[in-house]
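As a starting point, one isolated chain is supplied in structure tokens, in the form predicted on its own.
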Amino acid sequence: MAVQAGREHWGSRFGFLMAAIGSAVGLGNMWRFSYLAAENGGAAFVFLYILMIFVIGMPVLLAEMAIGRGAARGPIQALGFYGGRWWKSLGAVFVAAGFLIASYYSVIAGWTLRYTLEAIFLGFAEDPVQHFDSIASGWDALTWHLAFMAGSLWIVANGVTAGIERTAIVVMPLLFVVVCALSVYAWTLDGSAAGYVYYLSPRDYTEVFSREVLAEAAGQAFFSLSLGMGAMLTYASYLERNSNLPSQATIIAFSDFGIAFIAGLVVFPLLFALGLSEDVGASTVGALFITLPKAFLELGVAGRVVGTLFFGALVVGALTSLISLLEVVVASTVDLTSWDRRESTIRAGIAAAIFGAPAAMSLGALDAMDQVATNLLLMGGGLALAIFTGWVMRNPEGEVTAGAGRYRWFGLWVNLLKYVVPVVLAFIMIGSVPKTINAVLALFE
């Protein structure tokens, strides 16, 4: 099936790739991946993560892209197109996940925008702990949340080509250049070698076979590729029929990993060179918004420049990810209602901004929303999608073959979706249920 008449489409293959990579690259890539690698076996975790990309990430990514391109519709209509009206509920789960994540992700994105502008005009705060505590929640956080949401909505409202693609073509190459330049700078610092050792040295290989570490690697592979929320499905729905999905999926996956890996070559050499390794602690958020600003502060003028570039890169990653989340909701709204893109964007954006207000006012609410979205909606959606593609969808190999030719490994892809991906995702979901319940119950204490 070709792109529907009157439906928007990407202006170029490069534009689609930049937008899709931008969807995948977010705050989790810029810090969470390297943090997990350092805490869970270094190089051994990196190897395990790459394995999970092939076993979990790539199969689901290719499934989303095949369904989106084939149906040329948003998640709800696309699942209904291939599976009938009962499977539309799975598409609704994708839309719900995209909506929920967008609502609180904008709060965190607002933090990155504030830190970037403060670095430019004021410099970093003398007491990073007190500063973060004062701005992470409350009316200030709500204001920045609304500002970031408004900017993202403006881009989405301008359409696939004029808004999303044009933005991605400009900011994603810039992000890559900035991250690479920062890694070179970190390499020049005295004492940086200890950071590379901490980040990448192969330590106890037995760690990576524990239930917790396996779940972390699989979950990171799944989350970092923007899977289970319909983003890649929606973006692929704007592709032409002759696009080579396996090639594009491979580029997206390895670009996502590459930026995450290089970000680790910035963070850990920097922290170790400044003697701040003990400050990393157990909180990924704390390290990102407290420990790193402390490092930039100690570097003086150079730190202000480096910090501005680093947090500016975070803004780019947050922006392109939030755009893709909003597009999931907007595309489905356009499919199902008589509203045009602009009206759908405004209505969806206002709803997401309001729904995210509790996350802006309370870190506990933000954590609970994140746990529900990632551990239940994303995992559940991905699990159901694997079952749908492997067991329900007619001739999934035929959808992938279009534009790519036939590869011998397509049969392996279907078998991974049938037998391996559901087991691994169910394994992760079961293990994360207690954590999710505790986060929700904490709101009522």
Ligand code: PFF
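These figures come from a predicted structure and were not determined experimentally. Residue positions are given as counts along the sequence shown, with the first one as 1.
Another form exists, predicted together with this ligand; not displayed. Remarks below refer to it.
Across the options 66 to 74, 383 to 391, 51 to 59, 22 to 30, residues that bring heavy atoms within 4.5 Å of this ligand in the predicted complex belong to 22 to 30. In summary, among the residues Phe289, Phe223, Phe176, Trp144, the only one with a non-hydrogen atom within 4.5 Å of this ligand in the predicted complex is Phe223. None of Ala168, Leu271, Ala231, Ala109 but one reaches within 4.5 angstroms of this ligand in the predicted complex through a heavy atom, and that residue is Ala231. A residue is said to contact a partner when one of its heavy atoms sits within 4.5 Å of a partner heavy atom; Ser324 meets this definition for this ligand in the predicted complex.
Taking the partner from elsewhere, Tyr105 is found to have a heavy atom lying within 4.5 Å of this ligand in the predicted complex.
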